[in-house]
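Single chain ahead, written as structure tokens, the form predicted alone.
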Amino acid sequence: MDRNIIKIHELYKKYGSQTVVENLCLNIKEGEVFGLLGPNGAGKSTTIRMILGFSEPSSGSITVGGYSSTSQALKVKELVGYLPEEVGFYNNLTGYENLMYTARLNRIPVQEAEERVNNLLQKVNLTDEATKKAGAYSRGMKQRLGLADVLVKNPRVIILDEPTLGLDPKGMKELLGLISDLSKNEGLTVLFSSHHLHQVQHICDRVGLFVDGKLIACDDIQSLSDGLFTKSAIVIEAKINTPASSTLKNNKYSAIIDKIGKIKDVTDIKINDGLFTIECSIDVTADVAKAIVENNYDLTYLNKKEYGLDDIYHKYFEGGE
């Protein structure tokens, strides 16, 4: 059974001689949260506009739920809810009235609309603010109202373009929690565009890395990390009490350096003022701790770091090989 609800094949978008999206091939599974990651101007928003049928590709094809984004754009819009970077509401209407207006535009019967709108306001934690004018809403409240707004028509897919831009940490956490719950509990497919790496890492099942209009990598974060850092997928930091005589530091540490170096799968050891940075292909944290303690060194700090999206991003976009 084909679980891919969004299919993009050999997609190009050109403006004159400038290629904004180049040969994009991408499938997004039903029910997953997929993150589009890349610097500004990488082609993320252009890709979203083409998926929605707001902009036609120069060549290639896009289907959403089996419908073409170019020749069947209205069908696609019925399936997709879209939350843009800047959310717009009628400021003189209440949050409730704004959602009811959206329901009317989607031809939802009044009784059904009232029930759905009240449920959505509760889901996004705005029940107590439902009668407040939207113009008085904070940025975070508007984003949550925007999420409720895209859900009014019961879409199968929601597309979010930089949804947390300008939110404080509390508002960001609330919105991301809501998005995650929608995917897990209601099976919604979420396409999430952001340049905030921390957000993408904690909410997305898979990510696509965009640079200069090209999709240069696409997978879950662990697989991307394993592919990029094959020799040192894990870094262990161990702090040992610094010897009293700094001139003897290297001699004092020579025994433990030798012991750690002999641990299988350790690929490199660096030391700076008693802090050991140990690169390894698999997790050998327990072996490192045992070697330090058994050789009568004082272990004061131990931490295992696995490469995350910050490291992957740096590797791809900031001059890494």
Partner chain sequence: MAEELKRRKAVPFFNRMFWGKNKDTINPFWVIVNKEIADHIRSWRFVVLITIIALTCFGSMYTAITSIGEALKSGKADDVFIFLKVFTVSDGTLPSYFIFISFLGPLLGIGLGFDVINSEQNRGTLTRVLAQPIPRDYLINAKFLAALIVISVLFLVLSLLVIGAGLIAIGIPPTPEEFIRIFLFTIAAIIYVAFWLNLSIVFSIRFQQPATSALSGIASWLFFTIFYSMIVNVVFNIFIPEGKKLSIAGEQLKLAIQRVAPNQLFSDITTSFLSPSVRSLGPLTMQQMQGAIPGHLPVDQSFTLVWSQIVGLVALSTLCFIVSYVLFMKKEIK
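Just so it is clear, the structure is predicted and the values come from calculations on it, not from any experiment. Residue numbers count along the first chain shown, from 1.
One more form of this protein exists, namely the form predicted together with the partner chain; it is left out here, but the text below deals with it.
Region of this chain that lies against the partner chain in the model of the complex, out of 122 to 130, 94 to 102, 183 to 191, 206 to 214 [heavy atom, 4.5 Å]: Result of the contact check: 94 to 102.
Using heavy atoms only and a 4.5 Å cut-off, determine which of 78, 168, 237, 115 is in contact with the partner chain in the model of the complex. By the 4.5 Å heavy-atom cutoff, the listed residue in contact is 78.
In the model of the complex, which of the listed residues (157, 176, 108, 141) lies with a heavy atom within 4.5 Å of the partner chain? The residue from 157, 176, 108, 141 that makes the contact is 108.
Taking 55, 84 and 90 as the candidate spot, are all three within 4.5 angstroms of the partner chain in the model of the complex by heavy atoms? Looking in the model of the complex, the three residues 55, 84 and 90 all sit within 4.5 Å of the partner chain (heavy atoms).
Looking at the partner-bound form in the model of the complex, is residue 49 within 4.5 Å of the partner chain by any heavy atom? Output for residue 49 is yes: heavy atoms within 4.5 Å of the partner chain.
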